[in-house]
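For reference, the chain that follows is the form predicted alone, supplied as structure tokens.
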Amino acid sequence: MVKNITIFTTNTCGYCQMVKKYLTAKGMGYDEVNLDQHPHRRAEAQNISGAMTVPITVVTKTDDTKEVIVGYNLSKLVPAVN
């Protein structure tokens, strides 16, 4: 069961928009951290994912385990949020 979803994005990221659109279509809420508006959180995003690209989607389950999906990767995102 999903407790929280956080997406790290930038203003010019098309894949970020696709992840947000997918989650919205599924009726799932999420918190967005726009790294253009909050550049001080870039290191946090990189530490979580090991990547310097966006989107980085962090799905926190009710047992507080986290699944990190880098990019627009439905093969990982769909099972993570279901």
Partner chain sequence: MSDNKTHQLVIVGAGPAALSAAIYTTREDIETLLFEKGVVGGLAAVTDIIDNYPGFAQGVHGLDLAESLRTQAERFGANITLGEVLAIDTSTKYPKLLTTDGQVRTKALLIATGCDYKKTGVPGEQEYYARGVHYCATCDGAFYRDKKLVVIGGGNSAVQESIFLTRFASHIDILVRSKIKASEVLQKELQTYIDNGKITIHLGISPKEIVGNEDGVYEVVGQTTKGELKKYQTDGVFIFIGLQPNTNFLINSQVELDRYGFIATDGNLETTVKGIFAAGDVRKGATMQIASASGEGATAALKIREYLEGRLHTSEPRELEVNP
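Numbering follows the first chain given and starts at 1. The structure presented is a predicted model; accordingly, all values stated were derived computationally and were not measured.
Keep in mind that the form predicted together with the partner chain is missing from the display, and what follows is about it.
Q: Do T62 and the partner chain share at least one heavy atom pair within 4.5 Å in the predicted complex?
A: Close contact is absent here: in the predicted complex, T62 is far from the partner chain, nothing within 4.5 Å, heavy atoms only.
Q: If you check in the predicted complex, is M28 within 4.5 Å of the partner chain, heavy atoms only?
A: Although the partner chain is absent here, M28 would stay clear of it in the predicted complex, with no heavy atoms inside 4.5 Å.
Q: May I ask you to check whether I48 falls inside a 4.5 Å heavy atom distance of the partner chain in the predicted complex?
A: No, I48 stays farther than 4.5 Å from the partner chain in the predicted complex.
Q: Determine whether any heavy atom of K21 comes within 4.5 Å of a heavy atom of the partner chain in the predicted complex, and answer yes or no.
A: Residue-level check for K21: yes, a contact with the partner chain.
Q: Taking a heavy atom within 4.5 Å as contact, would all three of L35, R42 and M52 count as contacting the partner chain in the predicted complex?
A: Contact check passed for all of L35, R42 and M52.
Q: Quick one: which residues from 8-34 get a non-hydrogen atom within 4.5 Å of the partner chain in the predicted complex?
A: Those in contact are T10, N11, T12, C13, G14, Y15, Q17, M18, K21, Y22.
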